[in-house]
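To begin, one chain is listed below as structure tokens, in the form predicted alone.
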């Protein structure tokens, strides 16, 4: 089943203009409008949030807008530049899915089925789309559902900026929306309102024949597209310089073995093309065009540039079980959507020194099954505060010069956040005699410490005098824990003097 993401950019022409002119923050706080000509009239074509707050809107005469808001900032609209910039934004969105298209004039649409797991799941992916666009100064609303029509409607008419519709619940989510959300011509929307139709649910409960007789087939078609009952294929954007190979079949294929065989042939052709250009693939998309106009997509990524046919074939074949061929596949396309030059290097001779184990193959298999964000390793960071003393890096990231601290032992398992414990201890320097953690009372048999950790006042003012006193303790069962007291045991300003358990030694 398709999962369609619609990205609505309500102030795209103004956001595009400000990014192109690199306007500063002071201008962002002013009311801004774009004007264009419609015949002999000068009309407002776009307004920013501040202008909308003052009552300005698209479609009103420019002279009226100037009269209402004298300090208005006015720019001329450039629809061609907006469309070209939207295409560039769609190319950027290929990082989320191989099936991306512009939803002109103010949005993007992409089918993320089979690709969302590489971004941590639908919730994380949708949140990442919105966050990245907002960081770039682009106002965005994002919705994901089973159908393009539903996602388009929810992105533009739902209250929340981000909407995730669970599978199979499109009708419940779209029903309360106004009929303008159905992408109907405005004259039909006006006629329907005069007839008493205000919500999509009102329209869907009405027999189709009278509606078709009065307005033609478009009303029924838009309803079916919004509810996912009618296929609405997305024509994906393909950059001109993308390396891509394809196979068209006279008879549709559907058996897993047949698909795997042709994946191998396509992988061979793609790797040959990459070798000619000295490139390796970092991200490959397998796009299956089905006979019923649906598209099934499988995306794989690699940690390093790859030209090996067998490895690429194995990664793609792992995705076959997630492909639903339906009535058959008539076109298979394999595209290298992210490539990188491969630098020639001399292999280490086993006669001189031992070769380092290459785990990138294992990393690729695990990352494509679990998602890139689920596979990482820890690297040391310059900080004495335990929870800040490490950072997550990619599994194959190069080693840095940073070293793990060896002066004081650290637990093999650090809790994500310290857990409060009840203790019996003498202040200010003694370790606890016993402590209770998660309902179990433990008597301390041995202890070592304290190791005093000072707050990092250059990061937070509240840590100017904060300290923690860490102890390594061992209970009567031989289990060892890393606990600390917040504060120095004498001065209340240094901490709450409560005790916490922060880690467990192996």
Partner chain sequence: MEGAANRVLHDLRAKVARLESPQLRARTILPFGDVAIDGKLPGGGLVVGALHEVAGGGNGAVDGAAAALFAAGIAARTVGQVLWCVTRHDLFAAALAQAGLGPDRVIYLEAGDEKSLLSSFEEGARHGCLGAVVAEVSKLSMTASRRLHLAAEASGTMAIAVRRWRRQTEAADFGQPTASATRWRVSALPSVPLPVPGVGRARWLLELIRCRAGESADFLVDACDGEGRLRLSSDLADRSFTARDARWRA
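Heads up, when I say rigid core I mean the largest set of C-alphas that superpose within 1.5 Å between the two forms. Positions refer to the first chain, counted from 1. Nothing here was measured: the structure is a model prediction, and the numbers come from that model.
Omitted from view is the form predicted in complex with its partner chain, to which the following refers.
Participant: Only one of 360-368, 325-333, 101-109, 121-129 has heavy atoms within 4.5 Å of its partner chain in the predicted complex; I'd like to know which.
Facilitator: It is 360-368 that comes within 4.5 Å of the partner.
Participant: Going by heavy atom distances of 4.5 angstroms or less, which of 390, 92, 249, 215 would be at the interface with its partner chain in the predicted complex?
Facilitator: The residue in contact is 390.
Participant: Since exactly one of 434, 258, 230, 374 fits, which has a heavy atom within 4.5 Å of its partner chain in the predicted complex?
Facilitator: It is 374 that has a heavy atom within 4.5 Å of the partner.
Participant: Honest question, do 414, 476 and 506 all end up within 4.5 Å of its partner chain in the predicted complex by heavy atom distance?
Facilitator: The answer is yes: all three residues contact the partner (heavy atom, 4.5 Å cut-off).
Participant: In the predicted complex, does residue 446 come within 4.5 Å of its partner chain, counting heavy atoms only?
Facilitator: Because a heavy atom of residue 446 falls inside 4.5 Å of its partner chain in the predicted complex, the answer is yes.
Participant: Is residue 262 one of the residues lying within 4.5 Å of its partner chain in the predicted complex, judged by heavy atom distances?
Facilitator: No - in the predicted complex, heavy atoms of residue 262 and its partner chain never come within 4.5 Å of each other.
Participant: Taking the shortest heavy atom distance, is residue 402 within 4.5 Å of its partner chain in the predicted complex?
Facilitator: Residue 402: yes, in contact with its partner chain in the predicted complex.
Participant: Consider residue 468 of the chain shown here, and say whether it contacts its partner chain in the predicted complex, taking contact as heavy atoms within 4.5 Å.
Facilitator: No, residue 468 is distant from the partner.
Participant: Could you pull out the residues of 292-314 that have any heavy atom within 4.5 Å of its partner chain in the predicted complex?
Facilitator: Sequence-ordered list has one entry, 314.
Participant: Taking 2 Å as the cut-off, check whether the CA of residue 96 shifts that much or more between the shown form and the other one after a rigid core fit.
Facilitator: Shift of 2 Å or more: no.
Participant: Answer yes if the Cα of residue 393 shifts by 2 angstroms or more between the shown form and the other one on a rigid-core superposition, and no otherwise.
Facilitator: Yes, because once the rigid core is superposed, the C-alpha of residue 393 moves 2 Å or more between the shown form and the other one.
Participant: Kindly check if the Cα atom of residue 410 is displaced 2 angstroms or more between the shown form and the other one relative to the superposed rigid core.
Facilitator: Indeed, residue 410 is displaced by 2 Å or more.
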